Ligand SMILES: NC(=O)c1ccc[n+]([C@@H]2O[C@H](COP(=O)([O-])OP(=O)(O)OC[C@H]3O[C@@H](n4cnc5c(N)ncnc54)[C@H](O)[C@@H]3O)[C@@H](O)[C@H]2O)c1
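In structure tokens, the next block holds one chain alone, the form predicted on its own.
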Amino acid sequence: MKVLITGGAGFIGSTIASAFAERGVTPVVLDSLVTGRAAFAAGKIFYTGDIGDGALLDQIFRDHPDIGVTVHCAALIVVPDSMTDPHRYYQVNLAKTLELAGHLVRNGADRMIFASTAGMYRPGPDLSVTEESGLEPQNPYTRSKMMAELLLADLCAAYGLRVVSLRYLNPIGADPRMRTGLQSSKPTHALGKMIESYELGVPFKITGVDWPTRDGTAIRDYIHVWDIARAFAEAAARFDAIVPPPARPGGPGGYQVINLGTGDGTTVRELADAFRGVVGDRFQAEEAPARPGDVVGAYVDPAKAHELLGWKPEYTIEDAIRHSLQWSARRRELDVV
């Protein structure tokens, strides 16, 4: 079997492609290279182009009629950018998803795994979220993902498309074999800022220490990118059990939401302590006031993923820190080349 991966030359998509390849499933990568890197698709079947290009999608399915599932990772994902350029985010994340889904339906490709976000949920009093939590997206990025899911669910009901939406929060780490990782040299998440502070020899600032969490600092659900990739591979392997085929040809398809997470999250202070445990006491952190727009955060209850996918995270925060540091050095080598 083959799997089509849109955005398969990006950080998460390329890691998913490697996870499939290691299981004997051939990845077919489609990426516009707006944010992806051609090097991340090296050695794989690779098409450069836009997910809205119907002629290209038709060609891909003619070339590879044995594609069994489409993993849709192509998206813009930087929250601050979505605030300053919402039009672009709705165009890429929403309108292009609609176009892609239409091309899949036309080609009889009825299985999709959608890379989504648990950032659309309203956290409970304990800051946890489940698949039953209310939806309350806070920015154009998370709203674009929620709206994309709504339109996909409608297409499933009308055209027999079947979708598994995997929602997660904060991917970190890198491919453990150092084949791929974050493209950016200055990632905006807390771990990226810690690495930057460590390399510059300046203290990392813990912004906000009076949040309603176990140690007063904000909480995030950091999850190793390889664990995320494993979940996508499991969802593909179990797809028909998770979302059964229509009872009759042309009948309504199904839509299933599954959250991926650690079950308890990691506070910023805990992440800083873990980072110091990996690199030593040269890494220093200091408290600072919360910044405008900062939020307390949330973490994901992964019980449904364990039930339907037989999945739970295998890598620790310390593993993710080590792999991120290794990738930071590796990325500089690649950029030199």
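Numbers for residues come from their place in the sequence shown, where the first is 1. Because the structure is predicted, anything quoted here is derived from the model rather than measured.
What follows is about the form predicted in complex with the named molecule, which we do not show.
Think of it this way: in the model of the complex, the named molecule has a heavy atom of just one of Cys156, Leu104, Ala115, Ala148 within 4.5 Å, and the residue is Ala115.
Of the residues given (Ala190, Ile77, Val129, Ala109), Ile77 alone sits with a heavy atom within 4.5 Å of the named molecule in the model of the complex. The named molecule in the model of the complex comes within 4.5 Å of no heavy atom belonging to Ala288.
Of the heavy atoms in Asp50, some are within 4.5 Å of the named molecule in the model of the complex. Proximity of Ala233 to the named molecule in the model of the complex falls outside the 4.5 Å heavy atom cutoff.
With a 4.5 Å cutoff on heavy atoms, Val92 counts as touching the named molecule in the model of the complex. Contact with the named molecule, judged by heavy atoms within 4.5 Å in the model of the complex, is confined among 323-331, 5-13, 310-318, 20-28 to 5-13.
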